[in-house]
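Next up: just one chain, as structure tokens, the form predicted alone.
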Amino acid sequence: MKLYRLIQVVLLLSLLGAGSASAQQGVTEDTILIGALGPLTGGTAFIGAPGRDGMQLAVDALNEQGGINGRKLELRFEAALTPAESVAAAKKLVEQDKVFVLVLASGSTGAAAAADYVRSVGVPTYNIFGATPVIREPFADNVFHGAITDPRTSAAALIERLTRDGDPERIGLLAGSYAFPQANLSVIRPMLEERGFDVTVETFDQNAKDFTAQLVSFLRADVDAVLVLGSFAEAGFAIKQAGQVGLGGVHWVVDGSAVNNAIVPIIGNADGILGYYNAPFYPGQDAEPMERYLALWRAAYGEPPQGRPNIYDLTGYGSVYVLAHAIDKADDDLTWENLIASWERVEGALPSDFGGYDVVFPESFSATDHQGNDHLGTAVIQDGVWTVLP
């Protein structure tokens, strides 16, 4: 009987030890390991590669200042394009690399794929790009969301842009068949219909370049305005082809993933196109924080190509500073449980609080609200470049 009791005690202690080690994985006396995943190739590489680069900028800047509470940050980024790759990358980072925090820099497709896994394992997870409801519902204590807003917020902004220059009666919705556009479509369509608009919906596959059939459908429906839910390349080809099928004089609005200067050379004269932006300034806009950020970006990566840095660069950069706030509040007690609790106390987090540049909106969290940002800027193309209006 004594031997049986001793075995019970040993097993209990080993389980407690295993739980403690799991909760504190990725933390040493002088380092904190952050894992991230996202697409570096393929049609959505414009999301993952900038996200990685933006995060690394902030990690390097924080480490140059000594890190957070004496610990340096280490970023480990896994390439993941498809849903299967996203799940595999999340598991590798958590179970093999033993990261302390997981960042989903993968857009809605990857975030949706990894949602069940991160909920089940309990790792503190920062979804910085995914708008899909799959990662947001049901609510999970360990999952936080960043600059990319809830679809209900972005849908309201898009409707405001659609009605800004008049009161259209017939609206065309041109939406990609993949996760991010569908998340927005599922919210914006009923909102428009409830307000009495006549709505025509057409879809397209990811990376499509020919929109003739969809545009002819809009022409037959005699739409007054068209909202494109898709990337800058997809939106650019659709808008360019509209004139070729006789769909002229309509009001064009694009969602946040199309607000990229790389859309301009595709369309040609793009002035007047509206959208929203998940940051207070567009790269290159006359604002001191943006000028300083661009100098930092150039010093690290050289002269930027067309369309870079983009919103995903900015969001990746700002998100690391939000993490810095949460880690700083947790102090030396860096367990998963304590980090989640401290994250829920973060209010008005900005990069400047740790010496960075405020090229993102401030983020705040609570125990019942893990959406860090609900602000959107109005974006418009003026003189061939995007500008975020004050």
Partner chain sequence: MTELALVLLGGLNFGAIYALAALGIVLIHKATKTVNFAHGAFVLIGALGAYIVQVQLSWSAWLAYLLVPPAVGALAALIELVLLRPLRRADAFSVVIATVFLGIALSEGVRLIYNAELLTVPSPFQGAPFLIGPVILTREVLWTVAGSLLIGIGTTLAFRRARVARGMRAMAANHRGAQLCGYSVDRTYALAWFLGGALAGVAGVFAAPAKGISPDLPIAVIAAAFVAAVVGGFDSLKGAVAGGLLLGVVETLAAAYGDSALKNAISFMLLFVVMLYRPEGLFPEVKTRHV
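It should be emphasised that the depicted structure is a prediction, and the values quoted were computed from it without experimental measurement. Positions refer to the first chain, counted from 1.
The next section is about a form of this same protein that is not shown, the form predicted in complex with its partner chain.
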item: Contact residue in the model of the complex, from 207, 163, 82, 285 (heavy atom within 4.5 Å of its partner chain); value: 207
item: Contact residue in the model of the complex, chosen from 315, 86, 231, 127 - any heavy atom within 4.5 Å of its partner chain; value: 231
item: Proximity of residue 49 to its partner chain in the model of the complex, heavy atoms at 4.5 Å; value: yes
item: is_contact(residue 65, its partner chain) in the model of the complex, heavy atom dist at most 4.5 Å; value: no
item: Interface membership of residue 352, its partner chain in the model of the complex, 4.5 Å heavy atom rule; value: no
item: Non-hydrogen atom contact residue 237 with its partner chain in the model of the complex at 4.5 angstroms; value: yes
item: 4.5 Å heavy atom contact with its partner chain in the model of the complex for all of 214, 262 and 266; value: yes
item: Candidate stretches 131-139, 184-192, 93-101, 298-306, one within 4.5 Å of its partner chain in the model of the complex by heavy atom; value: 298-306
item: Contacts with its partner chain in the model of the complex, stretch 220-249 (heavy atom within 4.5 Å); value: 220, 231, 232, 233, 237, 240, 241, 243, 244, 245, 246
